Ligand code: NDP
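Shown here is one chain on its own, the form predicted alone, set out as structure tokens.
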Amino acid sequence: MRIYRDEDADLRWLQGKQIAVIGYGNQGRAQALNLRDSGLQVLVGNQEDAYAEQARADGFAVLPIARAAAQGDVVMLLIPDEVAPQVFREAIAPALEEGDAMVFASGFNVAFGFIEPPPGVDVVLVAPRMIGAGVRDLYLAGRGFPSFIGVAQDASGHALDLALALAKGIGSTRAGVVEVTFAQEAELDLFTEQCFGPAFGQVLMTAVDLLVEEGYPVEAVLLELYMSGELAYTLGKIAEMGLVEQAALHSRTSQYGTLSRSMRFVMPELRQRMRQGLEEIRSGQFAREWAAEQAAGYPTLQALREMARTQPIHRWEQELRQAMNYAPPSAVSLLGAEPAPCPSRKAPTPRLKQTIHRLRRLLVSRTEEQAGAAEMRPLRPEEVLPIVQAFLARLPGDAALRAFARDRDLTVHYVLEEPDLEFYMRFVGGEVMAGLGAPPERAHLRLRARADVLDGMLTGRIPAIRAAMSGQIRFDGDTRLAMSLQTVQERLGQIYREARQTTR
């Protein structure tokens, strides 16, 4: 295992070179300040906005991006991945000269071909594994932080030396840096965001949903699982001591319960889902999907954000945080800094008691809303098939669905359980086709759920968003396609309810 540290890096590779930091956001500001404090020449390239004003206030010369790139011998691109390709094409690439160095803090655009630096320049990666505030705070504390470094193009023969010098300049070699390829950095980063993060989030959401459903007070559930800050503190100790050794900080009851029950949650499907996500990343499928989403103006991202905000947990968190006026231990504790003072805990105030009462009422109101959404009782297993047949028969002639099918090619495969039943819908060129069984061609989306869950969603007894977020309905396929189907979900529900009423 090779870890590069201060003694492996030499700032002389940057002496006499002009470093142009492009973008003065969280990472840009932190890295520019650290490099300057390390005795290096730094200027900032930024559009005229509040970030440019901040850079001037910090004592930097601020130039338009193209001029900064032209003056820089080492150009550090520290702007968001989604805007970097256009900025690179228009302002940076024309200014690069043979012998210059191009530095990225993310491997994404180079790894997936959205940015292709010209020959004759070094192309290196210096990617802190720390948010911008931490990059600055840990530098000032003399501690440092880990980073990934890499070389995609070694025109000078000393690109790795340059990357190490930059890592030392920002303070990272104090903690240690690891060499990876651009592709490895991008894939690991996306895997964390798309596989580990969502899996962890679903575990948390499922736990909250289950405990609240079983009657535990919502405020107690949120505090126990994560809002007290204990989970964040434990994760910090895992980073400090290791996953196994940090267990010694917990009671023997906790250790025994965790270790003796852990095998229950070894789920082969989870590994398969993660591998599927990794393959989507490696193949470039996600990169192409994200590029299409950007080109369309982020409609799916906006819809997903709104979906997340409709979850009861979002409202519960806000109510509880406001009522308790309590700041849990935060990331500052992990950086070794003193946490901001917060009010001492006291007996519940009248305001807190009122809020807790409102939180509890949310559970009642949620149940009442679901009951009022549809008076239909859940189906018996033998009733499912005839209702589904009647539902499918109505789809091809519906004007709203035919309009949805214009300029579209989308096949959706539904797989039901209890009872087992499959059917499909196909929307293509203004036509709607539907039938029992698997679709004749490969589906773009596959949705799996118990029959009573799908019935509840289509009749309004079960909120579709909650069913999706809690895992009651699962899907394989492109998220953008799944969200597009939501535009006709209300119409599908109307048709289903008509079929249900006339069939029973």
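For clarity, every value in this text was computed on a predicted model and none was experimentally measured. Heads up: residue numbers just count along the shown sequence, starting at 1.
The same protein also has a form predicted in complex with the named molecule, omitted here; what follows describes it.
**Study point:** Y414, A443 and G477 all contacting the named molecule in the predicted bound form, non-hydrogen atom within 4.5 Å
**Key:** Contact check failed for every one of Y414, A443 and G477.
Practice item. Flag N34 as yes or no: does it have a non-hydrogen atom within 4.5 angstroms of any non-hydrogen atom of the named molecule in the predicted bound form? Key: It does not: once the named molecule is placed as it appears in the predicted bound form, N34 has no heavy atom within 4.5 Å of it.
**Study point:** G16 within 4.5 Å of the named molecule in the predicted bound form, heavy atoms
**Key:** Although the named molecule is absent here, G16 would stay clear of it in the predicted bound form, with no heavy atoms inside 4.5 Å.
Point to revise | Heavy atom of I65 within 4.5 Å of the named molecule in the predicted bound form | key: Close contact exists here: in the predicted bound form, I65 approaches the named molecule to within 4.5 Å, heavy atoms only.
**Study point:** in the predicted bound form, P128 touching the named molecule (heavy atom, 4.5 Å)
**Key:** P128 belongs to the contact set for the named molecule.
Point to revise | the named molecule: the contacting residue among L190, V123, V388, I79 in the predicted bound form [heavy atom, 4.5 Å] | key: Only one listed residue qualifies here, and that residue is I79.
Review point. Looking at I281, L395, A159, A105, which is the one with a non-hydrogen atom within 4.5 Å of the named molecule in the predicted bound form?
Key: Looking at the other structure, the residue within range turns out to be A105.
Check your understanding: Pick from 131-139, 286-294, 231-239, 259-267: which stretch has a heavy atom within 4.5 Å of the named molecule in the predicted bound form?
Key -> This holds for exactly one stretch, 131-139.
Practice item. Counting only non-hydrogen atoms and a 4.5 Å cut-off, give the residues of 37-61 close to the named molecule in the predicted bound form. Key: Counting only heavy atoms within 4.5 Å of the named molecule in the predicted bound form, the contacting residues of 37-61 are N46, Q47, D49, Y51.
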